[in-house]
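Here we start with a single chain on its own, the form predicted alone, put down as structure tokens.
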């Protein structure tokens, strides 16, 4: 395994600057996610690390070795794509062992490694199956084993779960994390799925318009967004202006823009004042069932506020149009501007 360091990396296509002076450091054995919306530059950054895309400026280092000008095959990286990229005419074990056969390793070594990695990705019994006989999740596990069997310094995963259905996706992302921990391999994972990033990452880099908007672990990224983009992209924050807070508050004066998580707001049909809390009356406009969560949309002085409550009952405790009270602690307001 290796550490990764990127210094002042930029990449443009014509007048479109896709990456703008990106710098980051990834320690040995860490699972790092590049998270952001489509077109933000995260996949381009991954391809620059892999050597599949040339950089305009900046440098890429593996440990202390500059690899910026090395061809992809000389960087000793493993890469898994969304599209699987399996050979349709080769079965599971032939696909996985392809790279070892190209290296012309001893057959006994290949057989031993093949058995280990087929077991690692839980495909025992599928050795002779062809890609068209496999599910999407099984195909992606073949692609993962094919990348890992070459013992790369770094594993790069470019939206590997995007083509899978929700249930398979949830299972496979946990399996990928388990394998990464077992092998202790430095891994960079690209996704636009916030939940995915929060669940599996040691550290997250949120990318926005070719720049790093914020970096940190899942707790920091979720609870302390640094600006309105991160707050809007991670979770379902209420973005609140100081004028709105000051309108309902007569104890403190606030300045700036704030983010407020929907799950920290209490909702009730009775008024209750508490020290260091804000309480405001509103009208319930919508009720959205999100499985284990009920989301209430409450209109307060022309602004809609989302409130998330654990779904402990068979039906909502409130009705659309009902007058309700919202309460939250001052300290839960996260300043973002």
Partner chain sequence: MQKNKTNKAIAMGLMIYLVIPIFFTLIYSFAAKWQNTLLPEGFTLKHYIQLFTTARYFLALGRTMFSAAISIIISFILLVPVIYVGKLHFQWLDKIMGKIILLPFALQGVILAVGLIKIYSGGPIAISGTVFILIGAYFVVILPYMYQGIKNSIDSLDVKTIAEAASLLGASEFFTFFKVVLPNLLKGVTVSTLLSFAILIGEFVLSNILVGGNYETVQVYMYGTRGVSGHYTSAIVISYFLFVLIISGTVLAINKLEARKG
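Remember, predicted model here, so these are calculated numbers, not experimental data. Positions refer to the first chain, counted from 1.
FYI, the form predicted in complex with its partner chain isn't displayed, but the following is about it.
Residue 79 near its partner chain in the predicted bound form, any heavy atom under 4.5 Å?
-> Answer yes; at least one heavy atom of residue 79 falls within 4.5 Å of its partner chain in the predicted bound form.
Answer yes if any heavy atom of residue 132 is within 4.5 Å of a heavy atom of its partner chain in the predicted bound form; otherwise answer no.
-> It does: once its partner chain is placed as it appears in the predicted bound form, residue 132 has a heavy atom within 4.5 Å of it.
Does residue 124 make contact with its partner chain in the predicted bound form, using a 4.5 Å heavy atom cut-off?
-> Result no; residue 124 lies far from its partner chain in the predicted bound form.
Residue 85, heavy atom within 4.5 angstroms of its partner chain in the predicted bound form = So residue 85 counts as contacting its partner chain.
136, 256, 99, 232 - the one with a heavy atom within 4.5 Å of its partner chain in the predicted bound form = It is 99.
In the predicted bound form, the residue from 106, 219, 182, 73 that sits within 4.5 Å of its partner chain by heavy atoms = By the 4.5 Å heavy-atom cutoff, the listed residue in contact is 73.
49-57, 272-280, 289-297, 25-33: which one contacts its partner chain in the predicted bound form at 4.5 Å, heavy atom to heavy atom?
-> Result for this chain: 49-57.
Would its partner chain in the predicted bound form be within 4.5 angstroms of a non-hydrogen atom of every residue among 114, 119 and 177?
-> Zero of three within 4.5 Å in the predicted bound form.
Within 4.5 Å of its partner chain in the predicted bound form, which residues of 150-175 have a heavy atom? Give them in sequence order, or say none.
-> Read in sequence order, the lone residue that approaches its partner chain (within 4.5 Å, in the predicted bound form) is 150.
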